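Form predicted alone, single chain, as structure tokens, below.
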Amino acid sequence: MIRAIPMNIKKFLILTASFFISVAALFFFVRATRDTVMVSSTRFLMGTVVEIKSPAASVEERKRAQDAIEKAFKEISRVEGVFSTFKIDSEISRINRETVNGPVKTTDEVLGLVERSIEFNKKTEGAFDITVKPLVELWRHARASQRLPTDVELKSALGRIGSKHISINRADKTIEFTIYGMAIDLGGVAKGYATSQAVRVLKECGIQNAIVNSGGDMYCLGMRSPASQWRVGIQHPRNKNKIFAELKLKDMAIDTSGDYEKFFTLEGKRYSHIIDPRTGYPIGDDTVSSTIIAKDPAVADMMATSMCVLGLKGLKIVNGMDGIDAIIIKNNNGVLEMLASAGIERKYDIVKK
């Protein structure tokens, strides 16, 4: 005979069962959190250290993340093979060699990135210019020889610069330089583009959360964990072991450029690796660092360099652009000061150190 269970005993059993279910669920959550690991890998590509990380909880997720990261690295390597000026067999090196003979046929990918670079040359009032290669080589030689360029050398280099002298024929898929001795260098956008391509590959492989860091060109995909966004630090321009500020980001690119990354001293004066293509000279130490936050890593890459050249004027330009925000660190008589584009502190959680 089956007896009815008294109501008070029923309540006790239900509460007891609920308690153990809750404890089991909590145990599972804690274990899942504990078992989540950061799958990461590092390569030396595009002249810098590239790191890709993705959180994964299960063995299956870890395997998927490892495979996806490997494919992302292969894509970055492919992009480097196309756009590097240091590889003699790259598409850009071929274009620079063969344009002396007239229009050079190339790919949609190259034409597309060159066209975007020309667009941002106009938006930045000439501060970003992929034809700056003659000046880059001139100042590279100055550093090696420990001799400043002469006025004649600077004038000659400046005479071979200007994005307006790049002619593109979309129908024939050709590119041509209208001034003899010109050359292009997409180093100011290629890393950002490579980062965006790597993120595309990760997404195609089913990765929803990851961070790609191509030597400072970064994209924060999704979340670091279910409860926290990716945290990105802005390096102190004068102390590499210190963070100047920290931001929390999700599904955004961030790029920082500054005069502290590569510089040399000549005749007692400090010269940055960032050159103003309008004057022919390296930038001064007025703006020591610029950080750009944007949806597109290529845009962040182009604008970060431009902001170092433009300084405060660059903030005005950024304020007129959709979906782009900026932070610059100014040198105010030896005191570093952080300035930002309109509304950036409203959009992002910025922790000043």
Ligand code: AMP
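Just so we're clear, the structure is a prediction, and the values are computed from it rather than from any experiment. Numbers for residues come from their place in the sequence shown, where the first is 1.
There is another form of this protein, the form predicted in complex with adenosine monophosphate, and it is not shown here; the text below is about that form.
The stretch among 222-230, 142-150, 165-173, 126-134 whose residues place heavy atoms within 4.5 Å of adenosine monophosphate in the predicted complex is 126-134. In the predicted complex, adenosine monophosphate lies within 4.5 Å of some heavy atom of T305. When adenosine monophosphate is considered in the predicted complex, P103 lies well away from it, no heavy atom lying within 4.5 Å. Within this chain, M182 is remote from the site of adenosine monophosphate in the predicted complex, having no heavy atom within 4.5 Å. Heavy atoms of I92 never reach within 4.5 Å of adenosine monophosphate in the predicted complex, leaving it off the interface. Note on contacts: among H236, K248, K203, H273, the single residue with a heavy atom within 4.5 Å of adenosine monophosphate in the predicted complex is H273. Comment: adenosine monophosphate is not present in this chain, but in the predicted complex one of V309, I328, A68, M46 has a heavy atom within 4.5 Å of it, namely V309. Annotation for 176-200: interface residues with adenosine monophosphate in the predicted complex are D185, G187, G188 [heavy atom within 4.5 Å].
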